[in-house]
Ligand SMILES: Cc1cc2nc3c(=O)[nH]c(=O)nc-3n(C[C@H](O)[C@H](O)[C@H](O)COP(=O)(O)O)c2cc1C
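In the form predicted on its own, a lone chain appears below as structure tokens.
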């Protein structure tokens, strides 16, 4: 029988007061078990009419202040965020039967943070950020390939490709977490953290 914590959950939930610390433990475990992209997450946003959209993005950084991903600031997701900054992330690691949902408010990272990350990208990805007008209509794939070649000629020095003004990062400042562990007969285990007015986190168990 698996060891339990004081809430009657499997020991993998721990007794941590801060959900970001628990996220770190689960995320590090996923890095050792997931074959591809353990940092992949489903990002859900909604526009000014409340119509939702969801897509996969990659987590690039996280800390006590939030969870960061990067994209074109004129993309569909970014347009949603600009009019409705409330959003939700969902990580699902099938090999571990674990899932984490995070809900909060999104804001843009500083130019310095975006610049520092952009410099770590490979040359092709930096050129791609210039060439792709994300979410806009393409007449053909050749249109995109031609733009890639155009920017390769404009920025031939692989060590000197500036970050486009329309490419940056978003940070989700979490207000709620839900940690989910799959169990037999669908008697799953769920632990919810909610940010309190004093800045601390409250914990509650949820029925499967």
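Being a predicted model, the structure only gives us computed values, none of them experimental. Positions refer to the first chain, counted from 1.
There is another form of the same protein, the form predicted in complex with the ligand; it is not shown, and what comes next is about it.
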Residue (of 76, 98, 133, 101) lying close to the ligand in the predicted complex, criterion heavy atoms within 4.5 Å: 76
The ligand isn't shown here, but in the predicted complex which of 142, 48, 165, 37 has a heavy atom within 4.5 Å of it? 37
Quick check on residue 55: any heavy atom within 4.5 Å of the ligand in the predicted complex? yes
Distance check, residue 67 to the ligand in the predicted complex, heavy atom within 4.5 Å: no
Residues in which of 122-130, 103-111, 68-76, 83-91 have heavy atoms within 4.5 Å of the ligand in the predicted complex? 68-76
